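Starting off, we have a lone chain in the form predicted alone, written out as structure tokens.
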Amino acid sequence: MKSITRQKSPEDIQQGLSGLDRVFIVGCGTCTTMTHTGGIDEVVAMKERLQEQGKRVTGFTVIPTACDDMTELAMKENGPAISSADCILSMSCALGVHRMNLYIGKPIIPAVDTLFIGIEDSPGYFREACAQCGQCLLGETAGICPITACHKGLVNGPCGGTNNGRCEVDKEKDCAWTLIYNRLKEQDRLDLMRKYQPPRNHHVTLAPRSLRIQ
């Protein structure tokens, strides 16, 4: 499961770099490499584009995993090039930006938008799999999340709009609760369809969240 990202428009990146002429570029070898938004090819292309715009790129690197401890080591290894830059242009997900800010006092400018946590169902097609809501129902919905699979996020379903197994919001999309029903039937657990799920407690997802593990 990965952070699914989309590269910002050239105009947004240019605006983010306004007044910052010397740039060090950081990509990620994991999530943004998978989505082709911040791997080595995209980093090199960004370098060339910035240079065409008159920016000076002091260096670049692709950290194997930009959201863990490898980031600190990469910052140290590229210390001179980073020191001579006005900022870092991050082509990692938002977690990578947060991690870099722990070690660098310079501005970290994101070049991508983090969209959701998802999985790759087929080459180039990414599906949101988890909303990180803190109230997991997967054990009772046969591993299909109604929060992310249902356009309405219904924890009791299906709704009255489903028709021939299709969603009324997007008729090209399978109804999440039909999928849940079919899988529960295969598992001989259809009794769970009759179990009422209480209204979601949105206090669980108050932001910002933190957790201390004892």
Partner chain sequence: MASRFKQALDSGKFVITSEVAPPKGTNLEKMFHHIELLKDKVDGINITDHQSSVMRYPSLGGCLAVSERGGEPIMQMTCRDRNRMALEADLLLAYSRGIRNVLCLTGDAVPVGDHKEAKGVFDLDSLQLLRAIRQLTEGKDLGGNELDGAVEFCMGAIVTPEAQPIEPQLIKFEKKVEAGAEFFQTQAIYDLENFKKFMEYARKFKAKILAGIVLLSSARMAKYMTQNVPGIFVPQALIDEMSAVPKEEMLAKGIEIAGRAIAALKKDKICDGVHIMAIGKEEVVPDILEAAGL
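Numbering follows the first chain given and starts at 1. Bear in mind the structure is a predicted one, so any value in this text is a computation, not a measurement.
We do not show the form predicted together with the partner chain, though everything after this point is about it.
Kindly confirm or deny that 78, 85 and 99 each have some heavy atom within 4.5 angstroms of the partner chain in the predicted bound form.
None of them does, since no heavy atom lies within 4.5 Å of the partner.
Do residue 193 and the partner chain come within 4.5 Å of each other in the predicted bound form, heavy atoms counted?
Because a heavy atom of residue 193 falls inside 4.5 Å of the partner chain in the predicted bound form, the answer is yes.
May I ask you to check whether residue 161 falls inside a 4.5 Å heavy atom distance of the partner chain in the predicted bound form?
Output for residue 161 is yes: heavy atoms within 4.5 Å of the partner chain.
Does residue 168 reach the partner chain in the predicted bound form if we count a contact as any heavy atom within 4.5 Å?
Heavy-atom contact with the partner chain at 4.5 Å: present for residue 168.
Evaluate residue 156 for contact with the partner chain in the predicted bound form, applying a 4.5 angstroms cut-off between non-hydrogen atoms, and reply yes or no.
Residue 156 belongs to the contact set for the partner chain.
Sort through 52-60, 173-181, 65-73, 32-40 and report the only stretch with a non-hydrogen atom within 4.5 Å of the partner chain in the predicted bound form.
Going through the listed ranges, the match is 173-181.
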